[in-house]
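Just one chain follows, in the form predicted on its own, and it is written as structure tokens.
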Amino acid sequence: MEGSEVLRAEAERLRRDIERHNQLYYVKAKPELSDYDFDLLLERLVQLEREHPELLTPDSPTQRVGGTVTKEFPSVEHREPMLSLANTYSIGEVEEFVGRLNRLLEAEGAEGRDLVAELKFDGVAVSLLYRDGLLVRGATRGDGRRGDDITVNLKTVPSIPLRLWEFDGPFSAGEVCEVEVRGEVLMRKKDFEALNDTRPEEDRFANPRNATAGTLKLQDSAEVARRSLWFVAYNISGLHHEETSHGDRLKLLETAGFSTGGHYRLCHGVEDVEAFIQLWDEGRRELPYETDGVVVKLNDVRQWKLLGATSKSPRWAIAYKYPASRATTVLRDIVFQVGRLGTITPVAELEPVRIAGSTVSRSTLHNFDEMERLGVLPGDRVVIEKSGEVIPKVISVLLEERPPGLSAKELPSRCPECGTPLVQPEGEVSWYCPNEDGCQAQIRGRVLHFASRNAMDIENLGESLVEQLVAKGMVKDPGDLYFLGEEELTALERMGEKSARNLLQALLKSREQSFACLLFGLGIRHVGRATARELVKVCTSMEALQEATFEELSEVPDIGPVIARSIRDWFMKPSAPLLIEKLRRAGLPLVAEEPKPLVNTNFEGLTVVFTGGLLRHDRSSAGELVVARGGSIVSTVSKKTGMVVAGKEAGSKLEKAQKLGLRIITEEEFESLL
């Protein structure tokens, strides 16, 4: 064998071995090699392909490291629509679904009424297209008919085979064989926690699903590769034998190199389905990834076309969603926190309890009225609910288990931080500390808000450092940050020369932020990011904003008298001109930059409201996308609202929009307008 053929054979052997060990590690959790030995194999393949580029193949495992930067993801059409499943939270409705299936099949004279119950993975749905065994395209669900081509990002996911295993078996059909695999991309709990640990508090993802959705739309595939995504397959189509049952297809997926999660069951009746649901109600807590329910499908795939689908969901499948997780624990104490606007918030300190995959030790009680409504006392046994598997809250007190002798927590009449008597503005439920300039808790809150990612984005300025700066009187307002010196910073605890220089460099970089970001960072009550953007369109400098009258501000779109009054009140404070002068001396942007050209005009002239949870974006980034296309963001629904984007579990805003007959779109429709 000639030298080139020897090298080609070695490269092919390395590719096979690396992919086999990849599957053993990522899919079967049964590694045979140490990380060191695996890295040696991969390094040898990288060396071969670098020295002999003709040996590089599209399915080489070296292509998983990423590195491609994509400016946009083209839209592609799915071979068949990716429908969403109808949801239910009731076992009774699962029974009705099975009964309805049986009646429909009986009416058609069809047999094959077995079901398959499988876990419902809480991830992002994608489709993978394989041509002659090779992965050629990966796409998001999108609007169900068209999705985004994110192949370059999906190739970095180790549990997605770049080439189907045992391709010459049931996958071969005709001259060109195309099969489509559908499943969910997930972020496992440990990988999610590791990712969040690297991000500042205000920039952390709410849950693994949101982190996954955001990661898949990143333009740098190398960053996608670093985030350790995982893929679970739940269907395959395009087989030579299309009558292959769903249960057998799941086994076939495993043979082809995919993970299916491994937790599914062939059910001969509704009793088997209910047993599976009950089994995993608690068992899912121990899984390495998030699941939020059970999917029930007709096993006989031949009947899927017979039963068909509605405009949104197939008639041959249903998703049972587990109700919000609850647990009981002891409320140790109630503490009162002071926010940057002086708001006093009661917080329940709890006996740590495990719920929905995480340990909960604190929960907000919102305000004094909510405390009284719950009637909660320190020492009570309380019920905690984690809505959406994310946010814990106290929902009730177990009065029958209340120990004798408990006493109510005294509501503060003075600020817990500075001792100033509290006030309650007319018409508001919350109490406030009015000592804005002397209350260190408020100063800390304003400085942290000013430094946050959506404002001046000052890295390396964390809570502990801000606490020291404020306590020592080095920072009394955000403007003081820009006059700190390296020598005085290095004198602080846990602050070396390198840390001090990094902070000073971050402060220097923050001068590049926009006037709108600065205006948001000032922390004026009711002035969020969207309001700040609207203001700078009309008042293009800090001087113009200072001179604007109440009447002029009220006429700015979506501002109104309440926000206008709040802006005027802020500028009337003695501290405002002093802060603005410091920011001016520091060289911060006090004038609006020239407007950027629009990406497109799909939202031009529209005021947009977001309600419910978005899967692909946080509210902040979604708002920026609207503004870049000519629209504006508002937080409340009114007759003047041009469009409402309704995400997951949309509530009262959606109901109001429906009553007003406003234009309402889904997140998928929103994506298409982008």
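One-based numbering along the sequence shown. Worth saying up front: this structure is predicted, and the values here are computed from it rather than measured.
Omitted from view is the form predicted in complex with a small molecule, to which the following refers.
Residue in contact with the small molecule in the predicted complex (any heavy atom within 4.5 Å), chosen from R340, R529, R227, K120: K120. Note on contacts: among L85, L588, L135, L489, the single residue with a heavy atom within 4.5 Å of the small molecule in the predicted complex is L85. Here the chain stands alone, but in the predicted complex its contact with the small molecule, taken as any heavy atom within 4.5 Å, falls in 295-303 among 501-509, 295-303, 322-330, 88-96. Though the partner is left out of this view, I580 does not reach within 4.5 Å of the small molecule in the predicted complex, counting heavy atoms only.
Contact check for Y234: a non-hydrogen atom falls within 4.5 Å of the small molecule in the predicted complex.
Interface residue remark: D248 is not counted as part of the site for the small molecule in the predicted complex, having no heavy atom within 4.5 Å. Taking the partner from elsewhere, K386 is found to have every heavy atom lying beyond 4.5 Å of the small molecule in the predicted complex.
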